[in-house]
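What follows is a single chain, given as structure tokens, in the form predicted alone.
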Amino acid sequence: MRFSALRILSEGLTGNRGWRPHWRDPEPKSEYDIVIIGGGGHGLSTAYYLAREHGLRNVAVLEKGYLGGGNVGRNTTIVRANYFLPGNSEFYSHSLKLWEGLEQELNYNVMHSQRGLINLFHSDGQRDAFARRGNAMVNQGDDAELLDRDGVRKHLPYLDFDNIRFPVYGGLLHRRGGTARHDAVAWGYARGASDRGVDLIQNCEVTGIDIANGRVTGVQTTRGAIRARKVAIVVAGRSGQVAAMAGMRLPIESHVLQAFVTEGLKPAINHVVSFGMGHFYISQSDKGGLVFGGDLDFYPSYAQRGNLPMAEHVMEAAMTLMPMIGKAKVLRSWGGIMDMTPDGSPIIDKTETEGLFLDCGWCYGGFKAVPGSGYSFAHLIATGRHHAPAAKFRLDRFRTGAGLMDEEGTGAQHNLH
């Protein structure tokens, strides 16, 4: 079933009776070549690229709830490629290129909007840091423009430029940055994977990972045992718990990151705006709601509801940056479970158990990485070799100390996140 303007018009005129389910709902088979644990954005994109790029169709995605019910539907929808350090920079550049062709490839509207992202700076030191970042982005082949105060005012006239504590000095504009509809991304990849023969098994929780003689042989689930030659763990904030089933202790802490959305308003914010000094970021959805977030709750947790002190902090940052939104009514909030690594960078790697693969540690960057992560992880699973853009996301860097990528500038200790 392909989408087109003609098909939509035809269905609209005939009562929308011709639409079919977007993906199959099969019973799990007793054996697969590859089992992917986790039906979020990264797991679904991995399954899709395994089928499309490598022709591997005897694949199952196991999701303990419903597809897209985890972090892929619990974020602020931001897509960008403005990373600084080698290792991260080329990966997110690759991911953004995949984003730019995703709707045509999937034949599905993921509402990718390259409205531009502006990172604000508030001191001479911050300006120098963003100038360096912008140069690194341009050298990588991406876009970056350093804006002075008047340049920012041209794009964002509604900011409080003369705030005593955080006066706006300028910003770094990344025109290809923007947003996408998080649910639609999961649905599009699920549809594409299912159409290529991948089994998407919902309400199927993995309760154990079977290992014999140093090799993975399958998984135990709430819907029975499933044998597999290869098993991939892609479960975001639950990575530590699932890896423990295979006897692994990961260098990860799980923290909650809250997000918020207001009532629908007339168009007011045309860009994604990032206020780093207050750790606040905001954009406006197609429905008019202001979508925004802040920093972690700063204690390990698997709860998805967040806490009130951090909600208060986010609202304070919003009012500091743009007092104009003070009367907007907040409709709801939610929390996503972030799998935080010591250096703020992810892991895509093989484990010491033959046939067992790991994709985790995305910290704040999981949603924007969905296409690149799936593409690189599928390449690793299918070929046994690291995909070049993700070649530095090795697990052993935390044991040896070689190759650490301290992108967040927070140090290699969990208590500094």
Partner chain sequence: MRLKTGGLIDRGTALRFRFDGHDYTGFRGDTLASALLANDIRVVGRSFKYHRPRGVFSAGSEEPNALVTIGRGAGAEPNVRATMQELRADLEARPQNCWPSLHWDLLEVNDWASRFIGAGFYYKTFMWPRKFWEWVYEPAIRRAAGLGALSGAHNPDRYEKAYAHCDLLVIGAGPAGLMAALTAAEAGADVILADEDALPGGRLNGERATLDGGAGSDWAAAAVARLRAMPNVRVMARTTVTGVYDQGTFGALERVGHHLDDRPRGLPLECFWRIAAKRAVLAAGAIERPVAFAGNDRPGVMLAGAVRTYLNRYGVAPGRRVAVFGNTDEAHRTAADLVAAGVHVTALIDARPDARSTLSVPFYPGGVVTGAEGRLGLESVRFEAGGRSQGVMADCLAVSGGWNPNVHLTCHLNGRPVWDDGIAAFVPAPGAVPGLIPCGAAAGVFSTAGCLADGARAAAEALGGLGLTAPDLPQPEAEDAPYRIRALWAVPGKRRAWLDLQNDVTVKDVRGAAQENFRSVEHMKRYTTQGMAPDQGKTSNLAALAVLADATGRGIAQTGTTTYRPPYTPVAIAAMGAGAQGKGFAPERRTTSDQASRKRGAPMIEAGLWYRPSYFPKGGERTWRESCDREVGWVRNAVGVTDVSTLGKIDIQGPDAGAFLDFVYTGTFSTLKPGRVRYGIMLREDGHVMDDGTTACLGEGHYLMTTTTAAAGPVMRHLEFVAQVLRPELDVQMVSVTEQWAQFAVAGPGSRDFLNGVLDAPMAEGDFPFMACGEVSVMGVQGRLFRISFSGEHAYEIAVPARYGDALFRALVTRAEGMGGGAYGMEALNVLRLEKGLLTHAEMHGRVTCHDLGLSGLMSSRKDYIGRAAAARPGLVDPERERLVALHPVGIEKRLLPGAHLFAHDAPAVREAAEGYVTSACHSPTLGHPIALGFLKSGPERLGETLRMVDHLRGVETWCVVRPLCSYDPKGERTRG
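Residue numbers count along the first chain shown, from 1. Just so it is clear, the structure is predicted and the values come from calculations on it, not from any experiment.
The form predicted in complex with its partner chain is left out here; the points below concern that form.
- Though the partner is left out of this view, A228 does not reach within 4.5 Å of its partner chain in the predicted bound form, counting heavy atoms only.
- At the 4.5 Å threshold, heavy atoms of E263 reach its partner chain in the predicted bound form.
- Contact annotation for G288: at least one heavy atom lies within 4.5 Å of its partner chain in the predicted bound form.
- Though the partner is left out of this view, K154 does not reach within 4.5 Å of its partner chain in the predicted bound form, counting heavy atoms only.
- Taken together, the three residues Y169, A328 and R399 all lie with some non-hydrogen atom within 4.5 angstroms of its partner chain in the predicted bound form.
- Exactly one listed residue, out of R196, H313, R215, R149, brings a non-hydrogen atom to within 4.5 Å of its partner chain in the predicted bound form: H313.
- Checking E145, D210, D295, E205 for any heavy atom within 4.5 Å of its partner chain in the predicted bound form turns up a single hit: E145.
- Contact annotation for 1-25: residues with any non-hydrogen atom within 4.5 angstroms of its partner chain in the predicted bound form are R2, F3, S4, A5, I8, L9, G12, L13, N16, R17, G18, W19, R20, P21, H22, W23, R24, D25, listed in sequence order.
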